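We begin with a single chain expressed as structure tokens, specifically the form predicted alone.
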Amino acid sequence: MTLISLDLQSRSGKTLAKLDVDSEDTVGQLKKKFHAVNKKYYPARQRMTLPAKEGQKSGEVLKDSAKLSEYGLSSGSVVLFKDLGTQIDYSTVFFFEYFGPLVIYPLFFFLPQIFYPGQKALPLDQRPLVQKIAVAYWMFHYAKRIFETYFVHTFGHATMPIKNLFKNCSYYYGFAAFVAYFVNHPAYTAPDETLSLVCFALAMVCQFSNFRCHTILSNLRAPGETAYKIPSGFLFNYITCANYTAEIWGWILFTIGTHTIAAGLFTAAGAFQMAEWARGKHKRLQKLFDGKDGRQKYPKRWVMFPPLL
């Protein structure tokens, strides 16, 4: 047991607290001690880093589970603090992200008189089959996402900044209304029915494939484990982010099945964001599993969307 005194500073260099801790304490315990000094900054709101070394833009982020001694901290060492802002549970954010589209899209289908004033909408039983299948597919997708949020997904972080709730909800709610407006419009011209049926049948295959990928990721680590592991099995034997592959193909087929530009824009926007995430994850896994010093070598795989990426 070695007691040390750490100088906790803001990024501007202002000392926020002098904390006496055991060098064998974890970073998580350090955060709790700072919270005891300043109640505003609960642990999930804190990010602690080492000062940047020469040539670095920023210092190493301290992991909650790591011991202070692992970072070579001693009495007088400086630890930098960043306020991450008000936090909210990941599951809560995901629920509101997905609940909105689940409700918004069918409103355009069931209540056209509200959204298309002056337009004469056909009775429900006379609507094109494509519109009926599209609303069912859309609702299934977001109901599945809510189910996965509470019963499948495991989150690497417990919380995220509350501002993300408004940003993410704006994206999902806006696109839900945008796509629903055009697919359910009274003047909508349905494409060939057989083509649409084939597209939506294949899209459902993508939905279940996506679910299978998510269950593989959820079972990747044993309870309590936090280290990165290489996903394997099913599509992960060939693609790093196979869950994104199935997701994107599902929306591509939705776009073809409905023949709407709005759905195509929604698909393109989602694919662009997922491609950024996928590249980052692929590079991170390649770096972690480099085959050196006894480490496993990351196998050659597509990033997300063979043969393009």
Partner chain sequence: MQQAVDIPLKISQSAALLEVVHSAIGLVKSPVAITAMQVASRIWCLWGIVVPCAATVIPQGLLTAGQQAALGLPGWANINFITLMTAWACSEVIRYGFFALKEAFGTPPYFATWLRYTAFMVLYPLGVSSELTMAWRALPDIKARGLFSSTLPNSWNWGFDYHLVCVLVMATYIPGLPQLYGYMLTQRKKVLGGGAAKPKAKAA
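As the structure is a prediction and not an experimental result, all values here were calculated from the model. Residue numbers count along the first chain shown, from 1.
As for the form predicted together with its partner chain, it is not shown, yet the points below apply to it.
Of the heavy atoms in T258, some are within 4.5 Å of its partner chain in the model of the complex. None of the heavy atoms of V61 is located within 4.5 Å of its partner chain in the model of the complex.
Taking the partner from elsewhere, A268 is found to have every heavy atom lying beyond 4.5 Å of its partner chain in the model of the complex. Using a 4.5 angstroms limit between non-hydrogen atoms, H185 touches its partner chain in the model of the complex. With respect to its partner chain in the model of the complex, the three residues F178, T189 and A262 uniformly fall within 4.5 angstroms at the level of their nearest heavy atom. Heavy atoms within 4.5 Å of its partner chain in the model of the complex are found in one stretch of 274-282, 48-56, 250-258, 30-38, which is 250-258.
Although its partner chain is not shown here, in the model of the complex the stretch 12-30 places no heavy atom of any residue within 4.5 Å of it.
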